[in-house]
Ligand SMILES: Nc1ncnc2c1ncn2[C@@H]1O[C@H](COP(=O)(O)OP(=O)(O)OP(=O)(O)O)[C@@H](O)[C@H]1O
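The data below hold one chain only, encoded as structure tokens and taken in the form predicted on its own.
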């Protein structure tokens, strides 16, 4: 049985960096396979992880809809699964699947059913699945029938961050899938500075400190695997992950 962790938040809040940190921690702490899914149309998770697939799910989807998927004339479902499988970028300890651009005005129902079935099956092949979502979480609601174990809403400690977190939390409660546990992770928190008014009304999972080194690494395209393990932000994400999933604390060799 796989454990799914979905990350959501508005652009610029740091959700992609935190998603990548989760992948790194899961690999290092568990040694189990991780499936990383970039479900944000502004796909950046590959940059943070240092790997990029040759194609996206959206491109496979559109080729299927247009009748241009190789091999589909013999067996459409098998050709679709083959194409999606080869859309994954493989790396040490994890695979990355990029969803790509959202759907247009055409009817995607048949293709979405194929995709949903494939992703549900593929997810069971990995011990952990980390999904970097867009704020609206449309991919999450349309691409799985399984429950989401953990939903982390990433927000900056500002009045806008509080308002956005409330909106995303409300949206998540209306998803047509079961979310077992959800809450807010406050990112880029300055030590000694209290959270803004309204934050106390939200279910808080934890805080990740403002870390200039992590911000600089993100701005210049460095991967999370290049970060020193002692960086405060990386360590905070690891501690939160261990708490939420019941993992043993990481020990230095």
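Nothing here was measured: the structure is a model prediction, and the numbers come from that model. Numbering follows the first chain given and starts at 1.
Beyond what is shown, the protein has a form predicted together with this ligand; the following relates to that form.
Contact check for residue 66: no non-hydrogen atom falls within 4.5 Å of this ligand in the predicted complex. In the predicted complex, residue 23 stays away from this ligand, with no heavy atom inside 4.5 Å. Shown alone here, residue 231 lies farther than 4.5 Å from this ligand in the predicted complex, counting heavy atoms only. With a 4.5 Å cutoff on heavy atoms, residue 184 does not count as touching this ligand in the predicted complex; it lies far away. Just one listed stretch, out of 24-32, 192-200, 211-219, 51-59, contacts this ligand in the predicted complex at the 4.5 Å heavy atom level, and that stretch is 211-219.
With contact defined as any non-hydrogen atom lying within 4.5 angstroms of this ligand in the predicted complex, 40 is the only contacting residue in 28-44.
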